[in-house]
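Listed next as structure tokens is one chain, alone, in the form predicted on its own.
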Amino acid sequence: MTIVITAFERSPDGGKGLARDTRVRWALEEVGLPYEVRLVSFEAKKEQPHLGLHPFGLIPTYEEGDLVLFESGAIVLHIAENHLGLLPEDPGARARAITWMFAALSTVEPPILEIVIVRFAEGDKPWSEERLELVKDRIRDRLAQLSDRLGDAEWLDGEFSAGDLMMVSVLLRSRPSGLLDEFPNLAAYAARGEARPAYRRAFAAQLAINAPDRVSD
């Protein structure tokens, strides 16, 4: 069955790999699964039939026969659990990898996303700059804890896993703020993720959609 995922027709980040469909593309590339992409405009994502795939009108979604999934973490977990390459065979290591997936999405990503809210939704408020500094401090706290845990290891728990895929994806969202570079071992960790051939293929595919000279259908 052909796998079909959705992505923005024009990504808000201009194809820099920060849109969540990149995570799904990366996972599919890691396990060697072919897939097709259905592009969705900002208008179409608020309407049927997209709302039938994602009740909150977001991307990405995942279709495989009668199976329809939404939420990037759930999609990556489904891919990892059903194909070799992203989860260890050992039950304990497998559980730890899944734990790191949840940690990336539930603990590390939320404060990072607050920067976007402060800058774009609250940027005209008189207190926005003060709040921005508070948000940055919360991100630093999380990154410091993660940095201590990673230490000089190559990956979070032995071999590369879906936990690393999700964590690297989240950390890359902090790079534009300059905060990631404050933690050299995390910056190097993220760079190792970016250097993986599967990530490079996923990034290139996402960037190609957003190329300035691309002609829209």
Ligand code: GTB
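Not measured: the values here are computed from a predicted model. Note that residue numbering follows the sequence shown and begins at 1.
The same protein also has a form predicted together with the ligand, omitted here; what follows describes it.
This chain is displayed without the ligand, yet in the model of the complex the stretch 40 to 48 from 157 to 165, 27 to 35, 187 to 195, 40 to 48 comes within 4.5 Å of it by heavy atoms. At the 4.5 Å threshold, heavy atoms of Glu9 stay clear of the ligand in the model of the complex, well away from it. Contact annotation: Ile59 falls within 4.5 Å of the ligand in the model of the complex, judged by heavy atom distances. Contact check for Ala19: a non-hydrogen atom falls within 4.5 Å of the ligand in the model of the complex. Contact annotation for Glu71: at least one heavy atom lies within 4.5 Å of the ligand in the model of the complex. Of all the residues from 172 to 207, the single one having a non-hydrogen atom no more than 4.5 Å from the ligand in the model of the complex is Arg173.
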